[in-house]
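Next up: just one chain, as structure tokens, the form predicted alone.
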């Protein structure tokens, strides 16, 4: 990393959040005011080595480790539209964020159901929870003995162990952004 690229405030914030600490908690542990942490993270204050050492002791991490450890996420963070993985077929498109979800706790899908598309007479069931928002069009969602037509802006959230089914009864494509945890779909 070049010196021009180093952002002390951003690095401190990332490390604090990685350790599950609020600004207030870190300030308390370090024996400094909440304002000190806030100003450093906003790059509005350049702390002395002594203050930085005191703040980092609240995490705890050494000054050398703070500057040398790689805080880059090990997994891909950003995905372009063309990076989404198609896992659907026919009249239903399920474009998944990420390819291998074996070490992930959440599955995000960009779903498109063509007019008349249906997940089938056999109801779906899997060990997870699902939630989503209808972006455009409409769908008929059946969960157990409940059935509802959902339109743009409507949402759903249910236990996926309950038998369920999707259908697009409308005349135009339905688009949904959904999440499933754990990723068992």
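Between two forms, the rigid core is the largest collection of C-alphas that superpose within 1.5 Å. All values reported here derive from a predicted model rather than from experimental measurement. Numbering follows the first chain given and starts at 1.
Keep in mind the form predicted together with the DNA is missing from the figure; the text below concerns it.
- The DNA is not shown here, but in the predicted complex it comes within 4.5 Å of a heavy atom of residue 34.
- Among heavy atoms of residue 165, none comes within 4.5 Å of the DNA in the predicted complex.
- In the predicted complex, the DNA lies within 4.5 Å of some heavy atom of residue 24.
- Among heavy atoms of residue 47, some come within 4.5 Å of the DNA in the predicted complex.
- Only one segment in the set 133-141, 146-154, 34-42, 58-66 has any non-hydrogen atom within 4.5 angstroms of the DNA in the predicted complex, and it is 34-42.
- For the candidate spot formed by 11, 14 and 53, no residue has a non-hydrogen atom within 4.5 angstroms of the DNA in the predicted complex.
- Core-superposed comparison between this form and the one not shown: the C-alpha position of residue 26 differs by no less than 2 Å.
- Annotation for residue 146: C-alpha shift under 2 angstroms between this form and the one not shown, rigid core superposed.
- Once the rigid core is used as the reference frame, the Cα position of residue 13 differs between this form and the one not shown by 2 Å or more.
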